[in-house]
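Let's start with one chain on its own, the form predicted alone, as C-alpha cells.
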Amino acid sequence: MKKIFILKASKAKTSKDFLLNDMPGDGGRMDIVARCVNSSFFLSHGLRNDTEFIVTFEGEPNPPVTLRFKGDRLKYMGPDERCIGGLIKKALENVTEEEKESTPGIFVSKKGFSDILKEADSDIVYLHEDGEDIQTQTFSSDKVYFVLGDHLGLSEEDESLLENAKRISISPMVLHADHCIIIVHNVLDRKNL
C-alpha cells in the first residue's frame, strides 16, 4: 500500500531565506517539516519507496508553496535536519505555478492545501485524537492519504475541507506530527500493508 502523508505547515517560510542553524525560529518551524520528512522515509539502512510526503508552506513571504517528496525517486538526502533543510532551501529557489522537480524526488509548486486535497485520488484519513482507533481499521485501497497539522493544528476552515475524510486516532493524546507518521508506519508495517 502506498502511504501519502500531507502536512500543513502554517508558519513555514515560503522563500529560501532562512538559516539552517535556526529552522525553528527563522524558518517558521521548518524543523517540524524536516522531522516529518525524516519520519516518512528513513529506515535504518534505506528509504521507504512506498511513501510520499507532501507539505504545504503557509508562511511569509509568498504563500502557499507545496513540496512533494517521492520515496522511490529521492537521492542525496541524509536523515539530519540540516541536510533536509538544505534540500528544502534548494526547492524554494525557483517556485513556479506548475509542479517541477528541484532535486531527485523533490517537487515544488504554488499549490495550496485545498488544491492538494482536491487532487487526492483515493481514501483520505484525517489523523485526529478524537477519531476511530487505527488498530481496528482495515485499509482496502492500494493508496491512502494521511492528513495532519503542525504545532498549530488545522483551522476550522481546513477541517471543513476534510468533512468527508475518515477520522482516525493513533493516540488519545495530541502527538508531534513526526511521531504520528512513525506510529502510522509501525501499525501498517505490522499489518503488512
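Here the structure is a predicted model, which is why all the values come from computation and not from measurement. Throughout, we count residues from 1 along the sequence that is shown.
Omitted from view is the form predicted together with another copy of the chain, to which the following refers.
- A heavy atom within 4.5 Å of another copy of the chain in the predicted bound form is found for exactly one of 133, 163, 157, 142: 133.
- For residue 44, a non-hydrogen atom is located within 4.5 Å of another copy of the chain in the predicted bound form, even though that partner is not displayed.
- Although the partner is absent here, residue 80 sits close enough that one of its heavy atoms falls within 4.5 Å of another copy of the chain in the predicted bound form.
- Although the partner is absent from this view, residue 15 stays clear of another copy of the chain in the predicted bound form, with no non-hydrogen atom inside 4.5 angstroms.
- In the predicted bound form, another copy of the chain lies farther than 4.5 Å from every heavy atom of residue 26.
- At a distance of at most 4.5 angstroms from another copy of the chain in the predicted bound form, none of the three residues 66, 111 and 118 contributes a non-hydrogen atom.
- Residues 169, 170, 171, 172, 173, 174, 175, 176 of 152-177 are found to place at least one heavy atom within 4.5 Å of another copy of the chain in the predicted bound form.
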